[in-house]
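Single chain ahead, by itself, as structure tokens, in the form predicted alone.
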Amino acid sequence: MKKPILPKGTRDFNSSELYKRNYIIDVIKDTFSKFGFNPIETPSFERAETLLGKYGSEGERLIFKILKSGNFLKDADTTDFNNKNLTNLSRKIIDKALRYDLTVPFARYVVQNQNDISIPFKRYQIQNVWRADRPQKGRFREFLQCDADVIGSNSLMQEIDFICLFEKVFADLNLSGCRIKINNRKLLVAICEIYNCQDKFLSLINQLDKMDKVDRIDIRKNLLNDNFETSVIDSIFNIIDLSVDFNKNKDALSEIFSSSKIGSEGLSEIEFIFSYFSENKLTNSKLDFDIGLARGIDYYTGVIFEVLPPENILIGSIAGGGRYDNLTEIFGLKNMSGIGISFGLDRIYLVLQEMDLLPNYLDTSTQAIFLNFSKDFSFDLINFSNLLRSNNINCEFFPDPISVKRQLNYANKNNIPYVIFYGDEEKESGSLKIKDMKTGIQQILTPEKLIKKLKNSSENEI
């Protein structure tokens, strides 16, 4: 039999890793609650029509599609096979897909439940998503997203509040030096309008979205191949460079976008956000304006976010998001602007690990284990264990009366800090013997004093 292996881009997690991941999740979840978001969950897969056509060509090819149940070839056309028309073929043999993100399922949820929710509707969602991407450091095919969205409000106060939320999460994780990059999709629309290349908008978005991974020279070549004029490319990069120092170049940018209504609107929105943070400065993160920020998902229409780790950490973005005005309209509900952000748990984990900011969790939460000397003590061990548990002490008992050496070895391997002896002598005296596995010190205590000791020990560790 072959040795079992995991599919590429997936992982198992041991207890220590899960404790650390849950620590990050708890910080994010607590912050979401503080900011007024409440949880929902949606299925791991959706109808294919719900997801397809929402993410652009790059996203579309990364969606994991699910074959129809039973005879999935029933509606397939031989012509599609022979002509290798994969788009037509896939539509006939699949009817479901694993969710690519949490935002499109959220929009579907809002439309389906519009009579039962109050607007604006704020929700958070912490669930797995799947993408058929090439696995690499910080990029997996199955990963957890931590999303918060508000739908039903056009107010730019929401954009400011999300930046404050980023700041709060990073402060609570003791993570300093993150760079919160913002842009406005309206400015990218305006650039195409100003330079008369509206038909190339999606091409521009796709190329700019690669700027954190691909050299600018290669981006320039790609734009030339997409029939952008050299002078237009130069102008685009000039605008991007001007945006790096927004306060210094604000007038120059205003002049460039003055001929475009949507461009002036987009720049005004950026100015509104920066005017708040000029008076209420971030202490843990840095806010940067970057017109080169694109976010390669089609549904964004306004302000967009991307958060990068501290500069000395070589990993991609750890959070992102933006405003979307027309997403619920796809499902039949008009005039419902939304905005949301998403934290990438896996990359945050890697950043905290590299910076040695993760708590030093053990592989177990068990604080004490009762050794088993005989079946005669079975009921007593269960009762003592339940007594400790009723006092909020995590404990277990060894189920089989094997050699003490092997039981102690189990405790050591599982990093259980205390073992408790209960045999004939202890039963006769009504006491228990406890051993500190780190120091080797042993004590004989009454059950009441044992509980007190373990509680004090737990508090000291915290």
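Everything quoted here is computed from the prediction, not taken from an experiment. The first residue of the sequence shown is number 1, and the count goes up from there. Throughout, rigid core stands for the largest set of C-alpha atoms superposing within 1.5 Å between the two forms.
A second form of this protein, the form predicted in complex with a further copy of the same chain, is not displayed here; the remarks below concern that form.
Checking Val244, Ile93, Val214, Met355 for any heavy atom within 4.5 Å of a further copy of the same chain in the model of the complex turns up a single hit: Ile93.
Between a further copy of the same chain and the residues Phe228, Trp130, Phe289, Tyr349, the one pair within 4.5 Å by heavy atoms in the model of the complex involves Trp130.
Residues with any non-hydrogen atom within 4.5 angstroms of a further copy of the same chain in the model of the complex fall in just one of 258 to 266, 299 to 307, 214 to 222, 272 to 280: 272 to 280. At a distance threshold of 4.5 angstroms between non-hydrogen atoms, Asp161 is in contact with a further copy of the same chain in the model of the complex. Although the partner is absent here, Ala252 sits far enough away that none of its heavy atoms falls within 4.5 Å of a further copy of the same chain in the model of the complex. Within 4.5 Å of any heavy atom of a further copy of the same chain in the model of the complex lies no heavy atom of Lys181. Although the partner is absent here, Cys395 lies within 4.5 Å of a further copy of the same chain in the model of the complex, judged by heavy atoms. Contacts between 17 to 46 and a further copy of the same chain, taken as any heavy atom within 4.5 Å in the model of the complex, involve Leu18, Tyr19, Ser33, Lys34, Phe35, Gly36, Phe37, Asn38, Pro39, Ile40, Glu41, Thr42, Pro43, Ser44, Phe45, Glu46. With the core held fixed, Ser374 shows a CA shift of 2 Å or greater between this form and the one not shown. Relative to the superposed core, Asn22 undergoes a Cα shift smaller than 2 Å between this form and the one not shown. In this overlay on the rigid core, Lys248 has a C-alpha that sits less than 2 Å away from its partner position between this form and the one not shown.
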